[in-house]
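The chain below stands alone and is given in structure tokens; this is the form predicted alone.
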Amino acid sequence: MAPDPETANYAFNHTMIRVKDPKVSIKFYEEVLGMELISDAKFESFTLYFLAFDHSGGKLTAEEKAESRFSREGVLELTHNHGTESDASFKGYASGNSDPGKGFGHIAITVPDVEKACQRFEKLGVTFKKKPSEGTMRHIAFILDPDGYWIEVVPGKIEGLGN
């Protein structure tokens, strides 16, 4: 089916999740998943952090990365409400995978080799929700970010799924 001409140029830009401590979360997304901070926006009571994968081979300047924030796909927005990182009574946010708050499920990344990626995640001490050796879907994994959000790890191509 051909797209409606009025929506033919639409693109999925970003997903936003709230995080307790941006330093911990940014470190996870940069060092574990290989994303990089492309821009941030500070407001009085909250700060937005935008992360994405850089497939330019490091050729984009910081300014070009920031300017591309709304013109690219696959951006992750981390929203930090100031004070949560130091509030001992703050219990964290609902990940969306349990009650109350069930709804949001996960984000996903593709990797060339799920097994190798999972070996690396294990060495880095990443928490797994599901390893490839568990369950019926042996070609995927789920890891947890510092706030308990699920991240599905999938191969770029799965035989038999018509990709």
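So that there is no doubt, residue numbering starts at 1 and follows the sequence shown. Every value quoted in this text rests on a predicted model; they were computed, and no experiment measured them.
Just so it is clear, the following notes concern the form predicted in complex with a further copy of the same chain, a form of the same protein that is not shown.
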{"property": "Distance check, Ser86 to a further copy of the same chain in the predicted complex, heavy atom within 4.5 Å", "result": "no"}
{"property": "Contact of Gly148 with a further copy of the same chain in the predicted complex (heavy atom, 4.5 Å)", "result": "no"}
{"property": "Residue contact check: Phe128 to a further copy of the same chain in the predicted complex, 4.5 Å heavy atom", "result": "no"}
{"property": "Non-hydrogen atom contact Met35 with a further copy of the same chain in the predicted complex at 4.5 angstroms", "result": "yes"}
{"property": "In the predicted complex, residues of 91 to 111 near a further copy of the same chain [heavy atom within 4.5 Å]", "result": "Tyr93, Ala94, Gly96, Asn97, Pro100, Gly101, Lys102, Gly103, Phe104, Gly105, His106, Ile107, Ala108, Ile109, Thr110, Val111"}
